[in-house]
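First comes one chain, alone, set out as structure tokens in the form predicted on its own.
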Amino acid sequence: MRSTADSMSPARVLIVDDDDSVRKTLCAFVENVGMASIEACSGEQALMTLRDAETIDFIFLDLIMPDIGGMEVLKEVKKIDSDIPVIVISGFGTIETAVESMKLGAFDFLCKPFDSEKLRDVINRAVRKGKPQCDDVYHSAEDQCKPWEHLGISLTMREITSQVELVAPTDYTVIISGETGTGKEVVARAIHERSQRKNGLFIPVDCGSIAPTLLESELFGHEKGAFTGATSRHPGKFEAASDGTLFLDEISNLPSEVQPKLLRTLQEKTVVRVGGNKPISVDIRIIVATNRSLSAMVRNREFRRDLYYRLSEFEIDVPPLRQRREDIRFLAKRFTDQCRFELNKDIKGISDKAQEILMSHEWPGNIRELRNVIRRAVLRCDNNVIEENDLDISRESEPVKTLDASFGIRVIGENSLSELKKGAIEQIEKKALVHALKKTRGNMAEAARILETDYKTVHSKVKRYIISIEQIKNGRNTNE
């Protein structure tokens, strides 16, 4: 049982998993920051420990165990102490199991293998709930700030923080715009965590990574037999996110045939599964993100005007990193602290010369690019300070979309100006497509993001220019 008698004692964590390696990993993670870990290799042992222990501040609970399943253990834990935070973990996580565990009172749901940043975040939140008198267990300056302030400390980011705090308590639909890698999903999660729906699920869907033919089923669900391969009923993301927040990333890639159904769902707060005819009520908040201007897409008739107006109850624009350079040092330190902890390396900071290099770079990949550069630097660093030779940013020095000098125009015979123009555009388009597809190893959705277009356009042009995706995936030369 939990006790708050000694607020100065370290948090005590019960780690329940039948896999020794998982238990050892989690034990090392929590003990490295001064918490005490208690292991249980079965559900039965976990319940015995919980009943006998004087203090358990929060629990990591595996979902699948040989004796008593995680869901049953979760029910019993809540009978013993309804307030104790339980973080359900599983190597076979699905939206359905996450929803079920949250309905039973789970504090959060994590999939194996663990992402160190998400693990740190959930531990801090669990400690704050299990031992409210204690500060976060990670004491670096960046960890004392609010989650959405992790994008930076500049005046611009403070203004965005104010916008988040303003809109979060409402149920307004929000459009978050910004270049790829600026942290739009972090802002969306911040809105969710400050909202009245924070105890519900936050479910992200990348509209650009799902084939258009599958996206409707993924969002709205389908009935058994609705199409070839639909062997069972499948609730969609709208149903899974009920009472929570659905985050539609890269909404600009939403196929035109799906847009009216999304509009109807937002207006009527019901969904109809593919192959079904029964409206199902959903109570969710919608947040969308885009790296393209939706208003420009509306003018170009690429996005429905009525859907845009329905989505744009509130808008937040996240500027690129090159426009808020005062955040670079802060973020570089944050990523250094995270990675040195993950790799257990004693790195004190970044040298002045290395910081000059970081500050002078344009960062076309924004925060995501900076994070990767710092992670590589920490891995390479064999001293206690990151030096300039530890930084590997040559690959990021030029935006992927920049065309190189190899784009030539072949003029054969006496072509008209319009024919020359058309031929030149086709040559450049094909070169750009092949270049982007090689970088993404044939992933057309990722190539669409690099080229700042939609999946459908990339797919149609791959067919038009007869580009072999298989050859690209196998690393063979293609006829550019």
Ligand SMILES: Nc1ncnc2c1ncn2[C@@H]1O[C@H](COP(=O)(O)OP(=O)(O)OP(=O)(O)O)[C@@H](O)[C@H]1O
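Computed from a predicted model, the values in this text were never measured in an experiment. In this text, residue numbers run from 1 along the sequence as written.
Not on display, but discussed next: the form predicted together with the named molecule.
When the named molecule is considered in the model of the complex, residue 236 lies well away from it, no heavy atom lying within 4.5 Å.
Proximity of residue 195 to the named molecule in the model of the complex falls outside the 4.5 Å heavy atom cutoff.
Using a 4.5 angstroms limit between non-hydrogen atoms, residue 368 touches the named molecule in the model of the complex. Residue contact with the named molecule in the model of the complex: residue 335 places a heavy atom within 4.5 Å of it. The contact residue chosen from 80, 186, 71, 393 relative to the named molecule in the model of the complex is 186, the criterion being a non-hydrogen atom within 4.5 angstroms.
Checked against the named molecule in the model of the complex, the residues 179, 216, 121, 108 give one hit for a heavy atom within 4.5 Å, which is 179. Here the chain stands by itself, but in the model of the complex one stretch of 98 to 106, 82 to 90, 242 to 250, 381 to 389, 242 to 250, has heavy atoms within 4.5 Å of the named molecule.
The partner is not shown here, but in the model of the complex the stretch 286 to 319 reaches within 4.5 angstroms of the named molecule through a heavy atom at 291 alone. In the model of the complex, the Cα-Cα separation between residue 463 and residue 252 shrinks by 3 Å or more relative to the displayed conformation.
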